[in-house]
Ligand code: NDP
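Have a look below at one chain only, the form predicted on its own, in structure tokens format.
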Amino acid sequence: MLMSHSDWSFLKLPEIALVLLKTVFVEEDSMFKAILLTKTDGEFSARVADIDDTELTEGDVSVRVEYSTINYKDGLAIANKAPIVRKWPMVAGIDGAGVVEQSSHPRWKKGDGVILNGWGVGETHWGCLAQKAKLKGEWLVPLPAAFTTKQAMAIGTAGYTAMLCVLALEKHGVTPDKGEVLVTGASGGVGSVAIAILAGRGYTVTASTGRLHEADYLKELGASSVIDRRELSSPGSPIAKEQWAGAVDAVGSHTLANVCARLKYRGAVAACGLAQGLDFPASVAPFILRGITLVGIDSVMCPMESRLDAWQRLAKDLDPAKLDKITSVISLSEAIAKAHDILAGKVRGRLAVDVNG
């Protein structure tokens, strides 16, 4: 609040200077940078904006965000390529990791390290490609001691989804001794982390990618062999020769149909993405003749018990050295351009966003 001339009259010069400094500090501290998405009269805009924290959406935990990331869904939202955002204006970012500043939620206190994945954040609730966020306490996962906030966002929703896929394969009896497993979209975020986890668990992994020049990278992560995605991306037979015991699929469409057609008896595929398309032009043949299982993986509204399990397993099963190979770090100002790159298939592995960099 501004002071009138009479309010200042009892203060000496040094005291006046101190009041001014405090006023400037408080005003500056209330501002933060974020990627703001707007749509006015049909005109879409994505930009880095300065926002006052009084504008933050409702939440019982205030978080000082340290790192965020860009997933495929973030790319769609920032490039306005799909109706991801359902409330305007919107701060982008479905993931965030940082430190609690204030909390009225009984589970969290000031200073706690936390992770946010999904729950409609960046879609209907202001997200974490920002220096500050207000979130609901029941959405948050404790930052594992094994990870820094940077590493947690190098994993992000893509890596956490990859872990959910691995857990689903295990649950359906796909163990290393059953045979090779396939990872589609292998050079992307989900695929890269899935390969690293599976190889670390002793699986023999085949990587499918449209970027064969990344074969050495995929083999460094643990892939035993690399195939061209074109082998799976066109219409195929309803049922084909048995090839893989299980698969992690981030692609969908004909690719997923062909993966199902080639699964071994009692095999399973964890489906988590749609890079090729939403359609599923498949046959029931492999389901009723080989008893295969198609497991849908949802990371957005996933129950807390499964989230905690996934993050605990990530802390145990994901080699930090491989995570480093997967990850590039960018600044908030670079994130908009990179969001377009991720949709164009130009991004290898994971992008961690230093929101304060």
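So that there is no doubt, residue numbering starts at 1 and follows the sequence shown. None of the values given here were measured: they were computed from a predicted structure.
One more form of this protein exists, namely the form predicted in complex with the ligand; it is left out here, but the text below deals with it.
- Partner proximity in the predicted complex, defined as non-hydrogen atoms within 4.5 angstroms of the ligand, places exactly one of 257-265, 104-112, 137-145, 209-217 at the interface: 209-217.
- None of Ala275, Leu167, Val100, Ala282 but one reaches within 4.5 angstroms of the ligand in the predicted complex through a heavy atom, and that residue is Ala275.
- Of the candidates Ile330, Ile297, Val48, Ala315, Ile297 is the one whose heavy atoms come within 4.5 Å of the ligand in the predicted complex; the others do not.
- Using a 4.5 angstroms threshold between heavy atoms, Gly188 counts as touching the ligand in the predicted complex.
- Proximity of Lys150 to the ligand in the predicted complex falls outside the 4.5 Å heavy atom cutoff.
- The ligand is not drawn, but in the predicted complex it has a heavy atom within 4.5 Å of Thr161.
- In the predicted complex, the ligand sits within 4.5 Å of a heavy atom belonging to Ile342.
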